Each structure stands twice: as structure tokens, then as C-alpha cells.
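Before any questions on binding or motion, here is one chain by itself as C-alpha cells, the form predicted alone.
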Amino acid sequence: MNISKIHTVILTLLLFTSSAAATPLVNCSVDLDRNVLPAGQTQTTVIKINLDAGNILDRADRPPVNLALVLDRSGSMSGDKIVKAKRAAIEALRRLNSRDRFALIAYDHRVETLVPSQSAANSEWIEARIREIEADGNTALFGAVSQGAAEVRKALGEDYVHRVILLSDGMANVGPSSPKDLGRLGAAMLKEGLSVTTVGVGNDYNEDLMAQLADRSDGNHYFVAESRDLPRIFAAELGDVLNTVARRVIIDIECPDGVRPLRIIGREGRIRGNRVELRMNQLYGGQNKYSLVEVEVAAGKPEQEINLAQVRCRYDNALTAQPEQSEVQVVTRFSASTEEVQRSAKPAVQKSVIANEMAEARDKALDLYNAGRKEEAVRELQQRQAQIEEKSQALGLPALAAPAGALADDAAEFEADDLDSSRKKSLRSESYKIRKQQKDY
């Protein structure tokens, strides 16, 4: 076996009760940022775990959806915003069928369950309840999301795709209101198999709070500058939810002695000793998602082969309600030839690393900027640009670092102190899409 060209051995283990000839719905594969490592020195390399989900061929076979819409009806939503929000909610309802469940929670300073979780078949009555919504009051966002989760939990033990969609245009000012509060709520919901998709409208909502809630629960996040786009965004989100093919996705990575996980790039996850765990609540048909893990590798001898990691992907097939699992053994070798190491570099992996490191830098810079630490925010962007350029040079792929030049422009923008609310929301939203590989609608 030529390890410079073939560096992974894939062992697929199916837990189907059907025939052994069945193939997994999600294809798990692994790439490295370079297939050959330099001998005689400790170095780092990035493992990219790819998950490619199969399409639903027959839409009638899709799993049923258990959906709760949580709509802001505070005073700031008056006028065109509430009109478009109600239209989007009705259009979302009309995409469901009698197998699906639907709940509607509206909130201002109070939280009210207008439609308790029930069959979406009762659409005429539900639409009437949606049309009755009027805007007034403050924003009890935390309590509203909690109530949305409570409605979804009514069918939690059943075979549904569970989703809460939150829409808000303002600051949470009743009840818990910090990004950390909502982040903890999102993390708790993920453990139950619930995801929250957040839709921020206009320039007055807290983008940090909305992104944290979506991120920690593995939902989508949208910045909607104009309320006229709400029906389109809701349609896109329902398109994803109705195309769910895998649920409760867990990626376990185990490294042997001599290989130490350092960090997860772009995603939330856990590193415990030589093990890494990543969770995704769902995968959509035809979608590719990936995770990036940087590891430190002890010095090796020329031509020595090494097992970098054992990667296991587990999930529930949403079409069959059966668990599936696959394993990938990641193998590479060392070389004394600098030219061979550079030739083995994988530009596609490096592009993913650069995109996610830029997203991380922007997120961190925004956090610093919002905390009043502008100089540190500028320095974060400048330092990350230099690091990306240095690593790309070492890999023999200096041209790949060109996109990182945008961080210099961002640094100048941060330094000039002209970051308005819309720009901050746009930066946060774009970084989120990159880190989560969210479709751009």
C-alpha cells in the first residue's frame, strides 16, 4: 500500500437488522492537511472528518417533524415585521402534513402558548390563531424558548425530527438575558435531541445571544436584514428540517500514544486526554458536513508508518429509525524529504482550515470589541492573519493564504471604530455559516 496516496483504511460496521449488504446512509471519510509528515521532529497536523449524507429519494418516506415556532410579538415587531412573520409561519405550516406536529408560542413580556403541540392536520384552526397575533410589550425570550422546548417534549420519545424555530427582532429584557444563559439552554436542549434555529430580524436584536443559542443546540442561525425575506428564510429552514436523514450524530476520535489532540477548529466539542467527542443533532440529505481536529504528533523515523487516530461515527438513520456506525482508521508515514512532505499537502483541507480559522478570529474579535477591548480585537485579527500565512508557507501552499488578507481589512475596520450594528450581525452570521457549513440562502 502506498501510504503517501492512501492514508485511511475504512471499516464500515452496520447495525441494521436487515441484510449485511446494506450500506450506511452517511459516508464517513477522513483527510489530512498533508499525507506525509516530516521525520525527526514533533509537529502538528489537521484531521478532517467528512460526513456525506445521502438524499431522501421518496419524500413520502421522510421522518415526521415535531416543530415549535416561537414568535416575538413585542412592540418592536409592529408593522411590516409582524405581518411578514405571520405569513412565514403560515407558509411553514402549509409545508407540513398530518404526520407532523406543530406548536406556536408567542411572546412579549408574557409567554403564551397559542397552539399546543398537535397534529399539523388541524391547519385551518392553527392559521386562524396565527393571524390573531398582534405586537405589544417587551421581550421574554428565554421563557419563550423554554416553553417552545416544553411543547416539543410532549412527543420527545417518539420518532420525530425535533426543532424549535425562534424569531426575534429585539433584546431579551425579561428573564435571563445573557448569551451564556441562552448558550446553556441550547446545550441542555442538544442533549435531549432538540435543536433551536434562530432568526434575527433587523438591527436591534442581540446577535451574540442568538448565535450562542443556535450554536450550542446545533441549529441554524439567520440574520434577516429586511422583514420581506422572512417567508423565504422560513421556507429554506423547513426545507432542511423536512430533509433530515440522520439524527443524534456523534463522532468519537481516539488517538494512540504519541498523538495528542490539541484543539477542535470551528466547532464545539470535548477533548479528554487522547479522545475527542463531537456532536451534531442532525444531518440533511445531500449535505456534506465536516469537523477539523488538530493533533500533535511525536517525532518519527523516515518511512515509519503511524496510526494517527481511530474515528467512529454513530447516528440514528432517520428513515429507518435504526442505529448505524462506521469506523475510519487514519494512517500516515514520515519522510526525511521536505519536497515529498510538501507534495503531499492537501489544498482542499487547508482551505477548510483557513476558512474556519478566519471565522474563529472574527468571532473572537467581535467578542473583544463588544467588551470594549478594541485594541485586543484588532490584534487578534492581525495575529491570526500572520499565523495563517506562516503555516501556508510551511506547507508549500502560500497562495492559499490569500483569503486571510481580508482579516487585515477587518482589523482596519475595527480600529476605525465604525462597526455599526448591521455590520456586526453580518460578520457573526457569516462566521456561523462557515463554522457550521450552513447553506447560504
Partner chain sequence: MTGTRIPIIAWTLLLIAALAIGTLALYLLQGEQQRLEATGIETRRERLAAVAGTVDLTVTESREALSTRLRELPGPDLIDTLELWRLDNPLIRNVFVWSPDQGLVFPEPTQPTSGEESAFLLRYAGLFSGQARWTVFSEEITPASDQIQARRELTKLAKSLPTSASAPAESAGATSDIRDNGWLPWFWEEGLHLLLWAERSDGRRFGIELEMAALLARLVTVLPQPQSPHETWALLNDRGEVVHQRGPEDLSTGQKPTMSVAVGNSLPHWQIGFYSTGEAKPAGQSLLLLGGLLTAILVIAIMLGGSLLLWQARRSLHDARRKTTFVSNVSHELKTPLTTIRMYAEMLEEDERRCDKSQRYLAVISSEAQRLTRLVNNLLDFSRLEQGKKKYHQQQVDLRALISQCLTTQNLRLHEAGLALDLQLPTTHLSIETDSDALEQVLLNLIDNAVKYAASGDELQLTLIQDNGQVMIQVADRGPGIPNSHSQRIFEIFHRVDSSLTTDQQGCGLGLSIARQLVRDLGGELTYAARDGGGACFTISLPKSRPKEGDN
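Computed from a prediction, not measured in an experiment: that's the story for all the values here. Residue numbers count along the first chain shown, from 1.
Separately, the form predicted in complex with its partner chain exists; it is not shown, and the next lines address it.
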Legend entry - Leu185, Ala188 and Glu192 all contacting its partner chain in the predicted complex, non-hydrogen atom within 4.5 Å: yes
Inset, instruction - Just give me the single entry in Lys86, Lys289, Arg279, Arg95 that has a non-hydrogen atom within 4.5 angstroms of its partner chain in the predicted complex. - result: Arg279
Inset, instruction - Note which of Asn274, Ser123, Ser146, Ser227 lies within 4.5 Å of its partner chain in the predicted complex, where distance is taken over heavy atoms; exactly one does. - result: Ser146
Inset, instruction - May I ask you to state whether Pro176 is within 4.5 Å of its partner chain in the predicted complex, using heavy atom distances? - result: yes
Inset, instruction - Report yes if any heavy atom of Ala235 sits within 4.5 Å of a heavy atom of its partner chain in the predicted complex; otherwise report no. - result: no
Legend entry - its partner chain contact in the predicted complex: Asn138, any heavy atom under 4.5 Å: yes
Inset, instruction - Answer with yes or no whether Asp181 is in contact with its partner chain in the predicted complex, where contact means some heavy atom within 4.5 Å. - result: yes
Inset, instruction - Among 365-373, 138-146, 292-300, 86-94, mark the stretch whose residues have heavy atoms within 4.5 Å of its partner chain in the predicted complex. - result: 138-146
Inset, instruction - May I ask you to list the residues of 94-120 that have any heavy atom within 4.5 angstroms of its partner chain in the predicted complex, in sequence order? - result: His109, Arg110, Val111
